[in-house]
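In the structure tokens that follow, a single protein chain appears in two forms: structure 1, then structure 2.
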Structure 1
């Protein structure tokens, strides 16, 4: 199986346009797709699964197997009971594993006899995860899969993904506003803003490349390496690119390693410095 490649993709909704020259989702790795609301994460993932068709470009899954998908909004019929899902999906997917599906429902605490409409948001997400992990897949495309889950359930879900990735031919694309989940599991990061890819690379390399400088609210720091600035009620944060070089050139200014959450906020909400 080859890598999952998105190339020359353009998808528009009204005034919004998602434009992706090229993105590679590597087999054997988890890629986190991040950005603020409206950045294009869900649009990209819907195009990757075939749920939305782009006006231009191609999506090469690199595998004959279907995608396993978890969407922000559960697509299952509201009147259907969990135990009925297995019979439906067994006719849709070759290699459907009913035992695994029911085991995951039990592990997630999902009552097979309840209707989908009776589930909480977190339970609906868990039901989708159980379906996605119960048939052979070419890629897992997970759009906000941990939304509505408590911390223990989120960690259980991440363990499921880690188990899935034991197969080196596996491939995962995951978006989440819970940056701690992305930091724990993503080998690569893709930052989207206004429908464009602005950062794409290895998670460890990106987080080591950038730093954040915390300063008083009335500060006015400029210079090589400072790329974004965000003023808040308690101070001003500066995004530094090239942390090591900046620290060597400005020993009087203490820039700290950036967290993924800080990086997202400064890229999404900051202004150019």
Structure 2
């Protein structure tokens, strides 16, 4: 199985256009897709799974197996119970593993006799994950899977993904607004803004490349390395690119390592410095 490659993709909805020259979702790794609302994350995910058809470009799944998809809304028929779902999916998917499905439901604390409409938000997302992981998949595409989950449920969910990644041929693409989840799980990051990829690379490398400088509100710091600034009610934050070089060049200014959340805010809401 090869990597999942998106090439020359263009998808337009009215004024919005998603344009991806090339993106590689590597096997054996989790790739996190982050960005503002309307940045194009869901459109990218839908193009990757074939739910949306791009006007241009290609999507090479690198595997003959279908995708396992988890969306922010549970698509299963509301009146059905988990055991009925298993019966439906056994005729829908080749290689459906009923034992695994039931085992996962049990470990997630989902009562097989309960109807989907009686599930909590977290249970609905977990049920989707259980379905996605109970049949052979070439890639797991997770669009906002942890939205609305409490911290314990989110951690449990991330553990599931970690277990799934024990198989080195696995490939996961995950989008989320909860940046701490992405920081915990993603080996690679894709940062989208207005339908364009503005940062793409290894998570650790990206986070070590950038730094943040907190300064008073009326400060006006400029110099090489400062790429964006955002003035808030209580101060001014500067995004620094090349943290080591900047610290060496400006020992009087103390820049801290950036968190993914700070990076997202400064890139999407900050102005060019």
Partner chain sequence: MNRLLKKEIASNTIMFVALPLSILIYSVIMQSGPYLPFMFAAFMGAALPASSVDMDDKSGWSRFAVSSGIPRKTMVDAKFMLTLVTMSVCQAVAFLGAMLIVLITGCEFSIDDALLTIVLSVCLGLMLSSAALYIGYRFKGVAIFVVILILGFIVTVMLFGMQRILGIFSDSIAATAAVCVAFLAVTALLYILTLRTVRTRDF
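Only the largest set of C-alpha atoms that superpose within 1.5 Å between the two forms is called the rigid core. Numbering follows the first chain given and starts at 1. Values in this document were obtained by computation on a predicted structure and should not be read as measured data.
Engineer: Could you point me to the form predicted on its own, 1 or 2?
Structural biologist: Only structure 1 matches the form predicted on its own.
Engineer: Enter the domain rotation angle in ° for the smaller rigid part relative to the larger one between structure 1 and structure 2.
Structural biologist: Value: 10 degrees, smaller part relative to larger.
Engineer: Rigid core superposed: how many angstrom does the CA of residue 75 shift between structure 1 and structure 2?
Structural biologist: That residue's C-alpha sits 2.4 Å away in the other form.
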